[in-house]
Structures are given as structure tokens and as C-alpha cells.
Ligand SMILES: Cc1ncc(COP(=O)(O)O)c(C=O)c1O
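Below you'll find only one chain, the form predicted on its own, shown as C-alpha cells.
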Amino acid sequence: MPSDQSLAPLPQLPEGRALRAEIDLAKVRRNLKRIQDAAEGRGVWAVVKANAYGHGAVPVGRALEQGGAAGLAVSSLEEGLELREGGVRLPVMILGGLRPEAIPLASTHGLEVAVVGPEHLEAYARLLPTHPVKLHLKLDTGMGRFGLLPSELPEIMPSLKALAPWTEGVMGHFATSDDPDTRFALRQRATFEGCLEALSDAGIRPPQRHHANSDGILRRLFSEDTHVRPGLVLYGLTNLPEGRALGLEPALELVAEVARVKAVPAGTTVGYGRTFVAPQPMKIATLACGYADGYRRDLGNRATARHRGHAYPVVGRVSMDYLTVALPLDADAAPGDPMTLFSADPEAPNSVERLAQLLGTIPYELTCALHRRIARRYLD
């Protein structure tokens, strides 16, 4: 077999699948400004993990940089490196922590790291003098996942003091900030404040403190924090009335072009399992979008697609690469016509928020699932 070095590069081909996500970066920047105002001027660590929740990490990161974000937050080293390779110069924080062997690479690229447990404290102390990175101590105030437990602090305080020269911030994460009952969130805030006091008594007083996620910002649960960490609200998506009142604008639409339209008689069955039977003569439009693209399989026979101002039902089972839409015989639809599958209009029946409610899930799941094979087109 030929070696990798001898393989000829693949030819550049035109886009063959007429499916695209359209992202309005001006809306992202306006949402950032609204969040900055809601956070009363606190610095914004803008969360762009999971390819900016499906919106495209590098273009969105650049837009947030232009809009005045204090920094960007990602989940992994790979996501941080992608931003650096894309020319983003803002501070970038890795929320998921890092194994010690990855610290030199993070240092080279100026990435900041969340300390998510006590396991690597001693290794960090050995590495940081020669491979400095800024650290953010993550406290488990009630989320139950990553984070230093308040009960662990007395035992590990000497190790934390050794890391104090590189400690930039202390952070937590709300578990129930979307709940109208704020008692548990307020208990988390009190735990956070108690931990900050214990750290301060030990001489650890980092310049940054941040606990509030998107819903925590909307519910004003940021107390005396210096920064906030919004995620989905930056993209204009929220389930809270406070978010809608803020005027957040959904920034993404999912658009598929019609691949084929055909007239079928009554009784025609469509798709795997024959779950749809045409009740009368109609047209069936086939679109090159399926669950491999992140369009949920269980939207078949439940969702709608929009074409020339009209909503038409998605019928039959959504398959891996295709879905089908039922239109009346007099509908003016032809191959190449765009159909909107995810609408940026929050009131549309096929908005991300409405579809999430239909499926009993959250908007995060729908946008994060959008595959990278979907072409992204950026508006500004």
C-alpha cells in the first residue's frame, strides 16, 4: 500500500448536498450586548463549546471577540486549539480540565484551564513554573459533576496555595437556574460564597469569580461575581420569559433545498415502515437532510417545513440522509427551492424552541446535534 506521503490530495469539489445552516453573526453580537447589559457590565466568558452549540466555533468566536467578550470557554483542548488556529486571540478557558501531560501545549497556545478535581494539583505545581497557564478553580456547589468539594478544601488547601500565583479565577455552576423555585440556586450561591471566604482566609484571592450560566444571568444570580458564563442565550435561544423579554434573537436557520418533487395518488405510502399514507392526491418533496445531519428521526410526521410563507408537514420517517414533505397539488415547489427546517422566528412552529418543546427536550440538543457536514453560511 502507498504511504500517506504518496497519496495525492483529493480534488476540490463543489458543494454537493444542498443543505446549509445560516448563522447571523450580527444577531450573535447583539445578543452578547443584551447579555452584557443584563449582567450589569460584568465580563462575559462566552461559551462556544460543541462547535458553538452547532453554530460554528471559529466564526462565532471571532464575532464575539469583535463584540467585546472577555473570553471564550470550550470543553476540551482540541476545541481551544481550533479557536487559536482560527485566529482567535481572546483568552480561552478549557472548562473540562486537562491532564498534566497536556499542560505544555496549553501553555504554548495561551489557554486557561479549569481545575476540576484534586487529582492533578501536585503535578500542576511541578509543571506551571516552566509551562505557565492561568487556572480557574472549579467548586462543586451542587452540580455533582466536576469540581472541588467544599469538604475537600481544608485538606487540599496547601496544594491550592502552591498554585495561587497562577490562579486567575474561582468558578461554580448552577444546576437549577432555570427553575422558578430559586431555593437550591440560592443555596449554591451561599456555598460558593462560603468557599470563597475559606480561600480568602488562606490567602487565595483570584481576580475573577464566576458562577452564573445563561439562566443564572437572566435570573440575576451573579451576586458580587466579576464575570458570567452565558451559553445558549448568546445564540438567541431560551426557555425563560426573562430571555424573551430581553429581546434575544435566534441566530440560526436550517435550510434544505428541494431535491425532487413528484405528484402521488391517494394511498401512496412514504418512507421506511410506511408510516405515512397520502390521504388524497398530493405532492411529495424530498430534501437531502436526515438524522445523520442532526435532524431528529422522531420529527417525522410531527414537524413542519416552511416554503414560500407556508408551513407544510414533514411526513414519513426521517431517514439517515433524507426527509419528505407533503404539499398540496397546487403548491408551487420545484427542485432547488429552499425549505426552512429550523426557523429563526421564535414564534414559528418550526423554531428550535418549539421543536424542542414538541420533542420534550431542550434547544441545546437540537443545535448541538447539527453535523459538521452541514455547510455553514455566515451573514453579517
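In case it trips you up, residue 1 is the first one in the sequence shown, and so on. Since the model is a prediction, treat every value here as computed from it, not as a measurement.
The next section is about a form of this same protein that is not shown, the form predicted together with the named molecule.
Shown without its partner, this chain lists G147, G236, G300, P230 as candidates; in the predicted bound form, only P230 has a non-hydrogen atom within 4.5 angstroms of the named molecule. Only one of the listed residues (T182, S107, N213, Q208) places a non-hydrogen atom within 4.5 angstroms of the named molecule in the predicted bound form, and that residue is N213.
Of the candidate stretches 49-57, 326-334, 33-41, 310-318, only 49-57 contains residues with a heavy atom within 4.5 Å of the named molecule in the predicted bound form. Taking the partner from elsewhere, H136 is found to have every heavy atom lying beyond 4.5 Å of the named molecule in the predicted bound form.
When the named molecule is considered in the predicted bound form, H173 lines it closely, a heavy atom lying within 4.5 Å.
For the chain shown alone, L252 is not a contact residue for the named molecule in the predicted bound form, no non-hydrogen atom being within 4.5 angstroms. Contact between L95 and the named molecule in the predicted bound form is found at the 4.5 Å heavy atom cutoff.
Looking at 348-374, the one residue that comes within 4.5 Å of the named molecule in the predicted bound form, counting any heavy atom, is Y364.
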